[in-house]
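In structure tokens, the next block holds one chain alone, the form predicted on its own.
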């Protein structure tokens, strides 16, 4: 099991930690879907959605502020929606480099940023309170295709091995890029981009060779295309009821957003 992913998981005995992983996984997917479907300009809904996620974080022993800061990792990726500022028709708000920014574009872009931030917090809360192995058997129990679950399992297991390969490649690059004291090592941006491309290619080839060796070793041990796992425990009514609480709260917020707060 990858140490980096296991370290992200925070062991605990909170109600959220003890909740069935299948329930947590389904509730998280519903939360992400509900956040995504929230009308763009239903602004009162966003604080309520954050309050819902923060309440679950408090239930799991994770500070809401810390979770909010961790969720900011989604913000750079949300910048990909910046084109909405210029492409959404509406009332002009400003002109930048000959392009017109509209009020409607600002609203849609802000909604995308908020939704991304909230959805990532919901996913992070799942990873903080659920061990990776529990997530894998939860996926299997929910009838996710076995091939996909096995790919995720191998990715988690060998992620640290890939990180070690990257560190060895970085050390090799540093050894070949020595410089005199006071001078910057390496070349210009083009040189660095070329070296990074070569490193990515080498990493791909090494990963491919290692995966073939692992597959051959598994076949030698009797692997026939599917992983043998223990039978999942029965799903209790208590776990389902606990999982229904945030779903009902989300439904109420979405109903308010659709009926009263939709612009």
Partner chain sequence: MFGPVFLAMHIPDGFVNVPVGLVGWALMIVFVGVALRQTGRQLGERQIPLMGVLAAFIFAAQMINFPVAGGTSGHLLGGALAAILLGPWAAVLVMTSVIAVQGLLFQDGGLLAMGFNTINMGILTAFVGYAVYSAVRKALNGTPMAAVIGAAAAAWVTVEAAAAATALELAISGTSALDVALPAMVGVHAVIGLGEALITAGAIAFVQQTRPDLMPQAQASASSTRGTGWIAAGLVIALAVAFASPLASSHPDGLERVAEDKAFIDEAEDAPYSLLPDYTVPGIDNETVTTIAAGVIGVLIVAAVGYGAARVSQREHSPQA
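Numbering follows the first chain given and starts at 1. Not measured: the values here are computed from a predicted model. Whichever C-alpha set is largest while still superposing within 1.5 Å between the two forms counts as the rigid core.
We do not show the form predicted in complex with the partner chain, though everything after this point is about it.
- Here the chain stands alone, but in the predicted complex its contact with the partner chain, taken as any heavy atom within 4.5 Å, falls in 219 to 227 among 57 to 65, 44 to 52, 232 to 240, 219 to 227.
- Only one of 101, 107, 142, 156 lies close to the partner chain in the predicted complex, with a heavy atom inside 4.5 Å, and it is 156.
- The partner chain in the predicted complex comes within 4.5 Å of no heavy atom belonging to residue 40.
- Interface membership of residue 168, defined by any non-hydrogen atom within 4.5 Å of the partner chain in the predicted complex, is ruled out.
- Taking the partner from the other structure, the partner chain in the predicted complex has no heavy atom within 4.5 Å of any heavy atom of residue 138.
- Using a 4.5 angstroms limit between non-hydrogen atoms, residue 92 is distant from the partner chain in the predicted complex.
- Shown without its partner, the chain has 73, 74, 76, 77, 78, 80, 81, 83, 84, 87, 89 in segment 67 to 99 as residues with a non-hydrogen atom within 4.5 angstroms of the partner chain in the predicted complex.
- With a cut-off of 2 Å and the rigid core superposed, residue 41 has a Cα displacement that falls short of the cut-off between the shown form and the other one.
- In a rigid-core overlay of the protein, residue 213 has its C-alpha displaced by at least 2 Å between the shown form and the other one.
- Once the rigid core is overlaid between the shown form and the other one, residue 197 counts among the residues whose Cα shifts by 2 Å or more.
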